[in-house]
Structures are given as structure tokens and as C-alpha cells.
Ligand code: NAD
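Given as C-alpha cells, the chain that follows is alone and in the form predicted alone.
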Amino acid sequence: MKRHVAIVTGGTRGIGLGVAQALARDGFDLTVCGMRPAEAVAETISELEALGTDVLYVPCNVADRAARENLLQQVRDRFGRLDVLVNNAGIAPRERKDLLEASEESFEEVMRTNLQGPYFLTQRAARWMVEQKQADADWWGCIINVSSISATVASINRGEYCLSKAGVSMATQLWSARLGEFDIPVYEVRPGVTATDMTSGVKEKYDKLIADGLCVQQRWGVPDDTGKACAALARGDFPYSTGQVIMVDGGLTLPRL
């Protein structure tokens, strides 16, 4: 039997790498993409391959249409199939600025990368998945959108990021509704405060907040927390839960008195 194939965007660092590692442990062959040249991620790719998986690395800016097309074509050429798409790649604003000061340029850059790119990558990947389903009724696959608690938790010094993640949440609902007739589930995984290079600059701030009770589980999240959630979805452990949100936030958004 051919091994199942997953794409993980932004899959060479942070949460994306945690997802890629979890899928590799579950026996998926992988295509991971990122912004760095291949030589810069060679060690990471070797570590994934050591888990027993076939790994293709494709440099890809998901905000660029041609780069997205190239990504999917390379997957077709290498593996000939696609079973799981994990839309994980995302950026924070280059500068955290108050809503009254933030620029349109920052808004456009974040929205293109975090929302527009994944939305249209999903469109093309979904067409391919539908083709596979129509050719083989036993084929099963899914789409997983990695968003953030910022989809619902307001941060007034990075409004463009919050809006992009809220858009990803609606995109999950839209694609799950559209692909329901083909039994292709679409999920959203919503991490909380997670220790990555993106959050390294605010470590001291969140160390204190977590110690003071920000989360019910008083620790930082780690990429493997999100990875394990995505792996369960990719395996098909939640086949009747399309459109749903899996919270991976240690209880941060749990209403409390």
C-alpha cells in the first residue's frame, strides 16, 4: 500500500515542525515548505527522515500564487497523491503597533500570508482531493487549518494578525461546508501561547502571565501539543467532526470567575 502524503506549510520550525514530526511518527510521507533555502533546513529535513518518512522540502511563500502552484506540482511529481493539507504557515506583524498607528502595508502583508495564501492553496488542494475521491471511493483525506486563540482574543497591538486568524476560522467553516458532499473534513486547530521563535521576544511577559494564572494548565504550550492534535485529525480519529475547532491552549480561553 502507498503511504499517505501530507503537506505542512511552514513545517521546518515552530508549530509546523511539531506537526511534521507528529505526522512522520504516524507514518505519513511529508512535503514541508518554508521561506528558507534548502541548505538552511537540511539538518531539519534529515531529522524528519530519521523518523522513517520520505520528506520533500519545497521553498514556498504561500502568499505567492506561482509558489503555491509549484508546491502542488512538486508533490504530484514526487508522490502522485495528497491526503492531508496542514495550513500552518503564518507571520506576525513586523512591528507590533497600536490600532491607531498600524499601517496598511503591514495589514496587507499579514493577510496575504496568513489568510489569502492558505485560502487559495486550500482551493487547489481541495480540487485535487475531490479528484482522488471521485476516482476511489475508499480514499480519505482532510484539511487542517492551524489558527490561533487570536481568532477570538483581541490584541490591540497586532490587529492585522487577529483579523487574519479570525478569517482562517471562517475559511474552515466555508471549506467544511463546501467539501461535505465529498466527505472531506476540514478542521481548525487553535493553539494558545506556544514556545516558538515567534514568541521568544515576549517570553518574559508570558512567563509572568502564566505564573499568575493566565492558563488553567500553568505552562507554555509546545509545538508537540499542536502536532499531536493534528496527527489525530490526520489519522481520521474524528471523521464526523468537520468544521470543528480543536483548542490547544491549556485552558487559556476557558471562561473563569
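This structure is a prediction, so every number in the text was calculated from the model and none was measured. Each residue number is its position in the shown sequence, starting from 1.
Another form exists, predicted together with ligand NAD; not displayed. Remarks below refer to it.
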Please tell me which of 153, 91, 130, 166 lies within 4.5 Å of ligand NAD in the model of the complex, judged by heavy atoms.
91
Which one of these stretches, 45-53, 28-36, 228-236, 211-219, sits within 4.5 Å of ligand NAD in the model of the complex when only heavy atoms are counted?
28-36
Report yes if any heavy atom of residue 113 sits within 4.5 Å of a heavy atom of ligand NAD in the model of the complex; otherwise report no.
yes
In the model of the complex, does residue 12 come within 4.5 Å of ligand NAD, counting heavy atoms only?
yes
is_contact(residue 197, ligand NAD) in the model of the complex, heavy atom dist at most 4.5 Å
yes
Residue contact check: residue 70 to ligand NAD in the model of the complex, 4.5 Å heavy atom:
no
Any residue of 208-243 with a heavy atom within 4.5 Å of ligand NAD in the model of the complex counts; write them all down in order.
none
